[in-house]
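One chain follows as structure tokens, the form predicted on its own.
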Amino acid sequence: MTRSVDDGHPREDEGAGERFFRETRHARGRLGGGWLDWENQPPPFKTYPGAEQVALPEPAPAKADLWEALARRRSVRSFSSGPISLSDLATLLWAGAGVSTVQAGYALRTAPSAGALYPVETYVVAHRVQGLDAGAYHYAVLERSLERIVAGDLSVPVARAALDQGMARDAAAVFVWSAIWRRSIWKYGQRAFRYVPLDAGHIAENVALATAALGLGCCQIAAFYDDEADALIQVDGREESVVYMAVVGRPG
């Protein structure tokens, strides 16, 4: 018999995940979050002052429309040794989390976010990207540039972090998405831990569809060793931690 966690009452054999969903349920007259402390709102953007910056070209025109991209999209786990272009990478970064317009002081993105708080940061571990040295980079959204945080070949460490999956070594690049939890907790309290992974999913799907439109291959990765993934992009795993990954390259 399937157990339900929707009755609002704890069970003796309840796991941590079930307890989390029970304790963060909304009910009429009982919502998470609280008053907004505007003076202490977390900064909406992360930057790396002093980091080497690589300017990104304009997003490239798609080779397929939305309907074709939806039909083409498949999880690709085998890649050739060919590189992807910096233009392709720029297009994927913009498709996932780029600024599409600025309204009322908000830099609105290509993917939706609860409360327009955008707690998810985008990083790229580049293996074979034309015009880009191997290493780990942070996507500076407003500047539309990459900030290098780690130099050198990270193909083995990223594959090990991704639960020892070889596709993370063989792909041309690996997207790594982290969450700065306080950006969302500030408004939504513990309910934020439901919303942030949804935000990451919106971004990853945009990247998957853009990848298909460019004729490239992509596969999302949710299975990784958390501490090793956090170490790749040099985050502490508490205030900011990795929540999702994806490999991108030319299908083999």
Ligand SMILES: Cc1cc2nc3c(=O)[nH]c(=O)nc-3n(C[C@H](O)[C@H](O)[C@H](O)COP(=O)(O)O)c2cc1C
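Quick caveat: nothing in here was measured; it's all calculated off a predicted structure. Heads up: residue numbers just count along the shown sequence, starting at 1.
A second form of this protein, the form predicted together with the named molecule, is not displayed here; the remarks below concern that form.
Contact check for Arg77: a non-hydrogen atom falls within 4.5 Å of the named molecule in the predicted complex. Contact check for Ser145: no non-hydrogen atom falls within 4.5 Å of the named molecule in the predicted complex. Proximity of Arg73 to the named molecule in the predicted complex falls within the 4.5 Å heavy atom cutoff. Contact annotation: Ile185 falls outside 4.5 Å of the named molecule in the predicted complex, judged by heavy atom distances. Only one of Leu198, Ala55, Leu31, Ala222 comes within 4.5 Å of the named molecule in the predicted complex through a heavy atom, and that residue is Ala222. Only one of the listed residues (Ser113, Thr110, Gln165, Ser87) places a non-hydrogen atom within 4.5 angstroms of the named molecule in the predicted complex, and that residue is Gln165.
With the partner left out here, the named molecule still marks one of 57 to 65, 209 to 217, 222 to 230, 35 to 43 in the predicted complex; by a 4.5 Å heavy atom cut-off that stretch is 222 to 230. Contact annotation for 87 to 102: no residue has a non-hydrogen atom within 4.5 angstroms of the named molecule in the predicted complex.
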